[in-house]
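Each of the two blocks below gives one form of the same protein chain as structure tokens; they are labelled structure 1 and structure 2.
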Structure 1
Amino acid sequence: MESPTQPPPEPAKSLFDRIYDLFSSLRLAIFLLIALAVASIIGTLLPQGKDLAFYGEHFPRLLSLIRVLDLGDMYHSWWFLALMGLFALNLVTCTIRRLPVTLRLYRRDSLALDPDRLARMSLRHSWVLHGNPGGERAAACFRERAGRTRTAEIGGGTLHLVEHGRWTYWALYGLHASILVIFLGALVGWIWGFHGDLLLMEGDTADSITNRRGGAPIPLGFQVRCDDFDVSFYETGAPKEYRSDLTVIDGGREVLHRSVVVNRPLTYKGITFYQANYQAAPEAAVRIEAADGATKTLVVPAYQTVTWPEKGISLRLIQYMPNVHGGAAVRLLWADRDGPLQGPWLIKGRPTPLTSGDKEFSLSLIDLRQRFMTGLSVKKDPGVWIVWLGCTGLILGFVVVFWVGHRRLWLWVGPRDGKTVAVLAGQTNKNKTAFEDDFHRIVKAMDRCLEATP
């Protein structure tokens, strides 16, 4: 049995086609832009980069949400990065989908044009030519004023064309590709770069820094020494300059001396050192006299343990006060082989007795001074030039997409109603006012040129 004839059913769109449709839609682009904007707003309202205890204290009811969606580091959370990834994908598919339209616009032949259409364009002007060779003269006038022409025989006459900026249809692709180039640069920096910190005491040398992601040390492959740090202030009390004098030592040789201030970093072998902050650290000079008459002066910097090995004594600085009743004071952490840990206070100019086990000592604070530690931010980012390239492309793309258009001027010379006429017409897709002004100037120049003809 034959089924009655039916029109063939509309072929169902495959899943791939439907996904492609979704990804190449402007609707998705606008949705993603709005989603990214809303997420970004949340990120500016909720303090970023704190630990869970902070959020537990300030936003107890949101804590589980903050934990699941990683809102404390939202801009690097899986779902925010996924939104960015979708945005990039959407950008690519949208432009691919537009490609045939652009190709048609780019390839269309501006000389394959019915002369009657010229007479219907909004920008047009025509002349009745007298005598022979009026047509050639008109074409010469057109070339002189408008530029190089291409010609075609059409509609019984000759069509002359001056065309500029056909390439500008591609600027749209350059513009959108530039955004992807910026993403690529960010990705390159994220994979092959690092960002770390270095706290360096005046006079000290470092060969590694602390990674901001995770806190592991990153070897530099060379050494950097801080020779001096200086902070200066205006009369108003506002900071004027933070300056670190750095020396780079590579392979045992001092290869570079530079002062690093904010906005003037130092770069060596692709690694850049930025002045970020500083800390003032105290350093105490302490004299110890043992009962047996042995004496030793130890210089105790902050954050370090200093020892007197012969006596098995080690000292740390745990507190300092620059001014107690007119003199400096420090509190030490005292450890030796015989007694328990002790925390004696020393005031400058007053020797302090200390008993440890069966031994007696006398401690004096000889000197207390400030030493500076410079805080450097250390960065390696091989992707940054790709980002700048993308930014340049973006701006150039805007300029072309907004203001540089495809301009076409036609002059058709041929017979109409028993006379020889010249019809001038023009079209552009951007900045029409400026083009109209140009068109009217060309008309005037053609008028003069044709009148001057014998």
Structure 2
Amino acid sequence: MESPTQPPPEPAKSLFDRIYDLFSSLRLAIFLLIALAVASIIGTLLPQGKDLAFYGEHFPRLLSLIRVLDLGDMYHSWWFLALMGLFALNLVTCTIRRLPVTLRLYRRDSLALDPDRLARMSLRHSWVLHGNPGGERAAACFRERAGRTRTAEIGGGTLHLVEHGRWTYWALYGLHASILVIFLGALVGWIWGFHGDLLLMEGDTADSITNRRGGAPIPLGFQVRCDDFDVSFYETGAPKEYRSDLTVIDGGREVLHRSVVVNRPLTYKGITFYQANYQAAPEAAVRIEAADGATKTLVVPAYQTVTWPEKGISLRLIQYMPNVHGGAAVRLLWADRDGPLQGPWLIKGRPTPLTSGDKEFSLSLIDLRQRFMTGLSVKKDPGVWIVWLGCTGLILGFVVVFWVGHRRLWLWVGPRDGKTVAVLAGQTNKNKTAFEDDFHRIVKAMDRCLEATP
């Protein structure tokens, strides 16, 4: 007894074919989409752009994971960029794999159709054309209701075709290209953009910001001055609105004035300043009396060093207390060229003696007022317009992919069983309900047209 013939084993795939199959698989696409979605959720829930001290304070158990995976700047982390790169590669490979099928569908000649196939289509209708053997009137009625036609002589009769939306086979490629354009925009922003912070006291000017990635200064190429800062409060004491009046100085000229509030930023040369926060900062007026009779009053803002050059003295305000023994007090960092660094406390209204080397001074806090320091988030993203372009293409692509289809209507007019018949049939690959309604309207219109034919 002979054993049944076994099919020959399939040849083993090469390494290239296995890699090609992997990157063109739908499973990989779904896995990468889920991974990117999960990562995006984490990036939304976890505050971004903070320093490790912030995460150590608020997420102590996750600090090691945040540091290793760079979750504080997740969208710029190596693994997130790798996921985007893999998804882009998967998208390109799938596109290449599908291209031959799309080309075949696009090049298909809808007029090269056996008339008998029309009779097997689900959407069809036929007429017996009494007294109209040529069928010219039926063809005219079809053109009048359906639109411009192309014709071919086939099956002993004439096949008329109305076709719309053949180009929609390429919509999926437009969709894929839009996603790649979005990735390109994100990459451009990552390479040539930056995101930093700027703390600016009222009246101060800055020409650089602090990069959130690493803390290095980033020169702006122009200057920004905070002319004024104002904050209003609700009755509960919570801030209601805070506003910074900024002036941009470029090449020594004031080129732009703008009030910046939350959700109404200032943009100059592609760099956008967002109102992010503010800080209250004291400013102390300190009078220094030297033993030789010299007197100087210095205004010392917070976070700044003020000098008395003639005496080689510098002061820096390092601490503020609103009430010490019944009066406001500040602590200064005192330095001069003759003595060591000192940190005297000054209470308003009470002179404080200070000895530095062989010199004696008397320090008095004569005034103390509160100033505001505006906190600006500064961002430059040259890829944002590329991302918008990709998003627009993505929306249009989805509209076409899901709602715009390839619609074909045929009318064949020719002899069958000694009579002249007209067969109407139609097909579409999307939105079939609407197409069926259109088909039945054309049938009714042709009924009326043919009945009206003398």
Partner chain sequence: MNLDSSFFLSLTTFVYLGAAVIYLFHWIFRVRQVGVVASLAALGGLLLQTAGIGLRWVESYQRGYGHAPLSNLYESLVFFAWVVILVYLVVERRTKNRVIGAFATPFAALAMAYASFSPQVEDAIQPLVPALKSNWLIAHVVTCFLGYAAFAVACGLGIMYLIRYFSDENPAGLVGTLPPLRTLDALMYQTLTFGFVWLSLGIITGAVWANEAWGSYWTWDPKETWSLITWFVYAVALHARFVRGWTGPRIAVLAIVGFAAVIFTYFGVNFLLSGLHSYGAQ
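Rigid core (definition): largest C-alpha set, two forms, superposition within 1.5 Å. The first residue in the sequence of structure 1 is number 1, and each one after it adds one. Just so we're clear, the structure is a prediction, and the values are computed from it rather than from any experiment.
Only structure 2 is derived from the form predicted alone. In this overlay on the rigid core, K419 has a C-alpha that sits less than 2 Å away from its partner position between structures 1 and 2.
Once the rigid core is used as the reference frame, the Cα position of G293 differs between structures 1 and 2 by 2 Å or more. Once the rigid core is used as the reference frame, the Cα position of F372 differs between structures 1 and 2 by less than 2 Å.
We note a C-alpha movement of 5.4 Å at S40 between structures 1 and 2, with the rigid core held in register. Here P60 exhibits a Cα shift of 8.7 Å between structures 1 and 2, evaluated on the superposed rigid core.
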